[in-house]
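The chain that follows stands alone, in the form predicted on its own, written as structure tokens.
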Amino acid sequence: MKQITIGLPKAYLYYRYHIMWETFFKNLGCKVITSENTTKKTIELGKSLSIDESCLSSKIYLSHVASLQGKCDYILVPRVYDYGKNEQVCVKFNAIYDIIKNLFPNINILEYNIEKSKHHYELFNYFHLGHAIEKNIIKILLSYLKARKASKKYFKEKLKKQTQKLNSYKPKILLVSHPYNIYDNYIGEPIIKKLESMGIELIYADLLDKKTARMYAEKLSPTLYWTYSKELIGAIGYYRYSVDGIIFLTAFPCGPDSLVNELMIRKIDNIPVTSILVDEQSSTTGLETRLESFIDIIKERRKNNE
């Protein structure tokens, strides 16, 4: 029997769920492949597939899907509408399934639809995913449980390592950005490498436990609309007295980030903050100059406080 190959676009929610997805499909006997890292060619292809108003992250996602055509039996395209009452996400995650289905009519899509307000829960979705590959319900359930356990362990270990960094004597910067931006090698990697080369200890907002983050987010802005934004700003509340500075990283022209980041910059005081906007034409040289200036401010401030 031919082994089924599942393609995972390395963009959007991949960075939030990839351990769970990979573990689930592999336990069902599938081969899992991911798209290649983002390059300038990825961006150009994404532009050709998108309308001009789409954010850079959306263009990258479409390009990653396109790159998997002909290489796998199915491509997983997750759709997320909400995680419950008052837990909505950006509309791009609502619409992406329909966009992909219409843009690439010849690919086989595996559906994954989280909309708790209409009782579309995670477990039921994994049964739906698994049933397209495996008819044994018990095997699907066991694969799901193993996947959840593996994902929790992975992020728990990453958070533990991050917590240990707080004891470092190095200057510490909190990076506030969606994981599909900060961990993308085109958008976030140049920033990470530059900061690390300057001796900076990096703290990632997205790694904080989600329940803890939401609790702190409530204190900073009780009416904030988007779930993923709540998780990021909650990390600001949690880490703000443990770091020397905060960097907001946004992919142009993200609507939620443009509102939320401005709101937070106005609320945060007594700590250096900068906002970096990355688009298709961003210059590495200009980016490095901005980062160097920001780090100079932080180091001078630390020196004056010693």
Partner chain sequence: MNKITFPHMGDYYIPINYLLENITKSIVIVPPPITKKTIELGSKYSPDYVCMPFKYNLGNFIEALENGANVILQAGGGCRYGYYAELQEQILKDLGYKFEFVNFIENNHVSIFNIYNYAKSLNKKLNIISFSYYALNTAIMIIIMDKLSKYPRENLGFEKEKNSFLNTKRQFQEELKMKKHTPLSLVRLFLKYKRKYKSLPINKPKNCLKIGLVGELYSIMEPNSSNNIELKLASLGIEVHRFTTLTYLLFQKKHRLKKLLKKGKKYLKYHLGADATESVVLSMELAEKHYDGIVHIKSFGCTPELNAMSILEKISTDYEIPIIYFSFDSGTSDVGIETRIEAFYDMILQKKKD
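Numbering follows the first chain given and starts at 1. Here the structure is a predicted model, which is why all the values come from computation and not from measurement.
Another form, the form predicted together with the partner chain, is not on view; read the next lines as being about it.
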*in the model of the complex, do W21, K152 and K158 all reach within 4.5 Å of the partner chain through at least one heavy atom apiece?*
no
*Which one of these stretches, 37 to 45, 234 to 242, 24 to 32, 257 to 265, sits within 4.5 Å of the partner chain in the model of the complex when only heavy atoms are counted?*
257 to 265
*Identify which of Y81, Y183, Y74, Y126 has a heavy atom within 4.5 Å of the partner chain in the model of the complex; exactly one of them does.*
Y81
*Listed residue (L202, L207, I99, I133) with a non-hydrogen atom within 4.5 angstroms of the partner chain in the model of the complex*: I99
_the partner chain contact at T227 in the model of the complex, heavy atom, 4.5 Å_ = no
*Indicate whether S221 is a 4.5 Å heavy atom neighbour of the partner chain in the model of the complex.*
yes
*So in the model of the complex, does N113 come within 4.5 Å of the partner chain, heavy atom to heavy atom?*
yes
*Any of the heavy atoms of K85 lying within 4.5 Å of the partner chain in the model of the complex?*
yes
*Taking the partner chain in the model of the complex, which residues along 160 to 181 bring a heavy atom to within 4.5 Å of it?*
none
